[in-house]
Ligand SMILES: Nc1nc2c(c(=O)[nH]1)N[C@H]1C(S)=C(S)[C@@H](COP(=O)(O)OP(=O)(O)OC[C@H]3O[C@@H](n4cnc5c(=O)[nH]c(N)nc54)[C@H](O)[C@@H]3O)O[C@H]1N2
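Just the one chain here, the form predicted alone, laid out as structure tokens.
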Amino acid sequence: MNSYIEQENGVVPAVCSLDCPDQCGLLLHKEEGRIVKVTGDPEHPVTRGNICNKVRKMTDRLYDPERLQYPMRRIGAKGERRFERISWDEAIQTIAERWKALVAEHGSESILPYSYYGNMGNITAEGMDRRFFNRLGASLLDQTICNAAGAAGYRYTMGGSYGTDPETMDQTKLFIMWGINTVSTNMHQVSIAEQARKQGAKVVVIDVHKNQTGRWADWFVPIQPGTDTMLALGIMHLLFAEGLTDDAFLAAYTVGVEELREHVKTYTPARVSEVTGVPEADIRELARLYGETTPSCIRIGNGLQHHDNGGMCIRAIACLPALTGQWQYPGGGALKGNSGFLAFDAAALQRPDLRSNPNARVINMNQIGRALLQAEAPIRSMFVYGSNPAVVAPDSEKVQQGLEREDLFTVVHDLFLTETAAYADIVLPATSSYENTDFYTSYWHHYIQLQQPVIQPYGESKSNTEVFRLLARAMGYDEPELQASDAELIGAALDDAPNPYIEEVTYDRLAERGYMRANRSEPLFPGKLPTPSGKIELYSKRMLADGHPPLPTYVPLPLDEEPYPLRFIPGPNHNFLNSTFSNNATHQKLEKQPRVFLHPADAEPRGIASGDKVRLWNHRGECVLEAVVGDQVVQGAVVSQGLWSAEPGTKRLVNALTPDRLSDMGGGATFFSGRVEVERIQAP
């Protein structure tokens, strides 16, 4: 047994498991075998002891009396939350018998795993589960709900998820926070920017909503939703026109510069201003500030990609650092993600070779509602873990209708009886990350971290890896790969990973040290990228072959599909992380209540004042929130924050309004491209 578990009292190391770029090093304070306090690890090279309120109050979640303690079987109607306790043996046997029957009658693709990164542990999120479902031959889930569009767009330009090293950003002189609420979603980026600010750095925020990050900035630039590509192209126009480009860098490390130079001539400040709502003078000032400041870094947010044109948006912004040669300098460039530096051997971990049907159907997780309602070759069973689709998936009324199907056998493995679990036939209690062994790879900084068990499993809860080992035995699968230990899974992912940046990282070394850094000490250039040309691709032949414009091009958001006057942007809030913590009274109290922000020019004609209850609606559904009227948002857009728990009798589920259309690239979500009408229903 791990010594951390045996240690009844004292302080032990840990890592934050939340889907957050910071991935903090933690210290867990134990008394009589329980975690009584969570603090930051001051020795961690990046996070340095600072943590957010969500993690600081983690004990409320770990020991919440509502946390699941044993397996349960549904005894009421779906959604009624009526269950009875059963044993693990009965639960596993029930699942295995149902699945064997479904495979025999309808084929293995009638079963669908639905998961995401509610726990960012790699073997929890994509280890034994992938091995099991590959062996079963289940339908494949296209996990595109978060960053797929932006990752695809960035990849066309840079070849992969490679960006600025956060540990060099104390040298940055200009930060452009583009479409990211950094204060709430990447707090250590703020800490680093503050260090640089003391040496004269400036912070510019470009966003639809003047949220906490916008208020923190030196200069907030409001922009119309979905027009960021146009602004990026306008900046390019001015950089070329005013001689602010680094021509030596462009000649050495890019392809397509002359094509881009000609292409952006039509993106004049006047045209860009008309589309984006950013004044011409501000566009010129921003371009000159960017072109004349070195090193500068663009922190690219997640929200931008959640539009129909989201992939092209990120593709365009990713071209900007090349024009001014920022990649040459420590602290310069851009950061959408850095997961390429920590890439492990996914095939060795997930074992796709166990699958006898490699061409199995693929279901996009953003369209799970319509998939559950399809009549032809229907999904007949779904196993949900690390996600809560009833709340997080778009077009949630479709999702609910699908989950209500009596012929859908649903299993949910979670810490709580979530909104999705309310529709389950079998509910399984999950361990927290502090009860598991796992390894974590940040998608922002350059550290791999190991979590070893710190406390005993809560009640009868089991880890994801153990559940799938049990299911493999119950299904009669005798492959040794399906009984591998957690240490063996981690070793498979790390010990021979074909990534030169982590060639020194092995399970044994990680177990000894706790965390290790990717072997990156220099800027990306001089160097070779994993693009077809080995260079930054301002012009992309691959994009052309894939049916996209080969140069960054502005494509307006669709208007004709949704004849409603206001663009709806359901962003994150400060105290929840997607639906995690939204069920916790402490975090609900901190966030107070679900609200929607409107510009006075949109509120006044509708008779709406701050404090009014308002109804947001479109053809998909409706939502009731409290209005906040002010210039925090641009005219023509309404912004909500947070995925609030869908408690009975409330209408605050914002994804009742969001479209399940897919983005231009990567099959990504279009949460921020929906349109709504708003009306007042009640004064304060």
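On a predicted model such as this, the values are computed, not experimentally measured, just so you know. Note that residue numbering follows the sequence shown and begins at 1.
Keep in mind that the form predicted in complex with the named molecule is not shown, yet the notes after this line are about it.
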- Heavy atoms within 4.5 Å of the named molecule in the predicted bound form: which of the stretches 578-586, 159-167, 337-345, 282-290 has them? 578-586
- Task: Using heavy atoms only and a 4.5 Å cut-off, decide whether all three of N122, E466 and Y507 touch the named molecule in the predicted bound form.
- Result: no
- Task: Taking 4.5 Å between heavy atoms as the contact cutoff, choose which of G301, G325, P594, G369 touches the named molecule in the predicted bound form.
- Result: G301
- Task: Using heavy atoms only and a 4.5 Å cut-off, determine which of P552, P321, G150, G179 is in contact with the named molecule in the predicted bound form.
- Result: G179
- Message: At 4.5 Å between heavy atoms, is K54 in contact with the named molecule in the predicted bound form?
- Response: yes
- Message: Is C20 near the named molecule? Define near as a heavy atom within 4.5 Å, in the predicted bound form.
- Response: yes
- Message: How about R61 - does it come within 4.5 Å of the named molecule in the predicted bound form, if we only consider non-hydrogen atoms?
- Response: yes
- Is there a non-hydrogen atom of P572 within 4.5 angstroms of a non-hydrogen atom of the named molecule in the predicted bound form? yes
- Heavy atoms within 4.5 Å of the named molecule in the predicted bound form is the criterion; list the residues of 407-442 that meet it. H413, D414, L415, T418, A430, T431
